Every structure is written in structure tokens, then in C-alpha cells.
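Before any questions on how it binds or moves, here is one chain, the form predicted alone, in C-alpha cells.
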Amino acid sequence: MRIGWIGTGLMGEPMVARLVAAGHQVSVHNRTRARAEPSLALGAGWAGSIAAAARDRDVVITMLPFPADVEAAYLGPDGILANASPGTVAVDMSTSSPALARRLADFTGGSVLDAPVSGGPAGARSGALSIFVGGAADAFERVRPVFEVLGSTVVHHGPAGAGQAAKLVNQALVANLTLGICEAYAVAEAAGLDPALVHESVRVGVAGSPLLDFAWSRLSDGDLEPGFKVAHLAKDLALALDEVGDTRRLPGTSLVRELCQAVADTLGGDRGTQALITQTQPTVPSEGQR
């Protein structure tokens, strides 16, 4: 297929690599061209603008950080909807707002799918992502061959916005599990245990998971670089809380969102979510409290 791709960050770059390797004709656009150079080196073409990436394509895919970026990419005068050819299917693979996904689909009569992913950069490289799809069934079937290059689990959850809503379920799980892992690691450290031996014991029990393995190893190495950025998790949890509104209380999710924001404020939003470990440190009393 002729694919336009917008956004070549931590996730976008390895996903583009898989599509190029599978024989698709991919043109990429990124706000900073230097971030697209690895994709260009693999054989992707360069599109100098969003409009250029959208023209004469079978599929246009966005992988962007925030809902405001998604909205601008689709609805701006030089955006996707103003420049895509008739019959093009647009797919937003960012984690964004279900309400925005519904609005974009309404604008086009159903030719925009929401298809956020889970699995991190490792899953993107190996084609093992889980893809949560919302939107028209006929558009989904047209894009399915692309999804099957990128993911090992592809589920159509329903109409526009359903994919984003399902991804927010995933993010609520990730958030609460990540905080639990960081707190468990803090308990192991405080007790003077060998973290490697603790991991050997707990990973085979009911608490074991790929997320435990990933986060625990990063914590053991003192590595706070991102597999997933803390600012992005804070954004996702805010979206989940907005989606639930007043119908439910989500105390754990609310707490993790606040802690993610605290990490972003002190260390920067580009740190990995395992940087929540810093929130387990005791507060140093001020001079007036001593």
C-alpha cells in the first residue's frame, strides 16, 4: 500500500521500519526531520509537510504525542482531511481522546479509524503490538493488512472512539501496576534484600508480568530512560479520568496521574514511567519542621 506516516518518535520509527520491510511504500513526515532520518535510511520517503504525507495515499497514519497534535494534524488547513485523496483511510494510532476520535470520524463519514497500540518500542520492533481499533468495519478491513504487519493482536472494539476507550482501560492497568512495582521495589530495598533474588521469586507467581520484568530490570540498573514517557502516561490518565467523568471514582488512577505530573515537574516529562520510584523517597523536612 501507499502509506503516509506522520510522527516518527519512540513508537513510530520501529513501526515504519516494519512497514518498509514488508514492502509498503511509506512516506514519512516529522516536525523535526532529523528524527525521521533512521526511517529514511531504511527506504521510507520524506514528505515535507502533513499535506504532502496525506496526498495520493491509500492510508495515512498518525502517531503523535497529544490530542492537540492529533487535532491539528487532521483539521488544520494544511492537514490530513483537507488534503487526503478520496477513498483514503486515515488511522490515528496515537493514544488520544475518544471524543476527538468520534469527531474526526463524523467529519469524514467514517473514513478515520482510531487504533492506539500497546507493547512499547520492543513490541513495535517485533510486530507484537496489541492494536485497539475503533471505527467503520469496512475501513477496518481495508487497513487490516497494515495492522497485521504491526501487531500480533488486532481487535475491532466497535464504532469510532471505541479503540481509544479500550486503550485507556489498558493505561489504567499500566499505571496502577507500574506504581505497584515501584513500591514493591522500594520495599525490597528498604528490607535490604537483593532485588535480583526478589525478582526471581516473584516473577513466577501471580504478580509476574512482562511489565514487572521490564520495570524491575530498569530499576535495578538505575535506568530512568523511557520505554514510555511519564508525561505521556499523565496525559493518558487524564483522558481516562475525563472519559469516566462522574460515573466512577478511580482513586488509584488519580493518584498515579498526580505522581506522574510530580515526576515530570521535577525530573522532566521525558523520563520513563519507572521514574515513579522517585516518589517513594521520604520527604525531607523543611528547616521550620526540624
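For every residue, the number given is its place in the sequence shown, counted from 1. Bear in mind the structure is a predicted one, so any value in this text is a computation, not a measurement.
The form predicted in complex with a further copy of the same chain is left out here; the points below concern that form.
*Asks:* Using a 4.5 Å heavy atom cut-off, state whether Gly45 contacts a further copy of the same chain in the model of the complex.
*Replies:* Contact check for Gly45: no, nothing within 4.5 Å of a further copy of the same chain in the model of the complex.
*Asks:* Tell me, yes or no, whether Ser209 is in contact with a further copy of the same chain in the model of the complex, where a contact means a heavy atom of each within 4.5 Å.
*Replies:* Taking the distances in the model of the complex, the answer for Ser209 is yes, it comes within 4.5 Å of a further copy of the same chain.
*Asks:* Using the partner position in the model of the complex, report whether Gly151 sits within 4.5 Å of a further copy of the same chain, counting heavy atoms only.
*Replies:* Looking in the model of the complex, residue contacts with a further copy of the same chain do not include Gly151, since no heavy atom lies within 4.5 Å.
*Asks:* State yes or no: in the model of the complex, is some non-hydrogen atom of Phe147 no more than 4.5 angstroms from a non-hydrogen atom of a further copy of the same chain?
*Replies:* No, no contact at 4.5 Å.
*Asks:* Out of the stretches listed (163-171, 104-112, 138-146, 84-92), which one is close to a further copy of the same chain in the model of the complex, meaning heavy atoms within 4.5 Å?
*Replies:* Going through the listed ranges, the match is 163-171.
*Asks:* I need to confirm a contact call. Of Ala36, Leu64, Leu259, Leu224, which residue comes within 4.5 Å of a further copy of the same chain in the model of the complex, counting heavy atoms only?
*Replies:* Looking at Ala36, Leu64, Leu259, Leu224 one by one, just Leu259 meets the 4.5 Å heavy-atom criterion.
*Asks:* In the model of the complex, does each of Ala17, Ala21 and Gly79 have a heavy atom within 4.5 Å of a further copy of the same chain?
*Replies:* Not a single residue of the candidate spot has a heavy atom within 4.5 Å of a further copy of the same chain in the model of the complex.
*Asks:* With the partner left out here, which residues of 175-205 have a non-hydrogen atom within 4.5 Å of a further copy of the same chain in the model of the complex?
*Replies:* Heavy-atom contacts to a further copy of the same chain in the model of the complex: Asn176, Leu177, Leu179, Gly180, Ile181, Glu183, Ala184, Ala186, Val187, Ala188, Glu189, Ala190, Ala191, Leu193, Leu197, Val198, Glu200, Ser201, Val202, Val204, Gly205.
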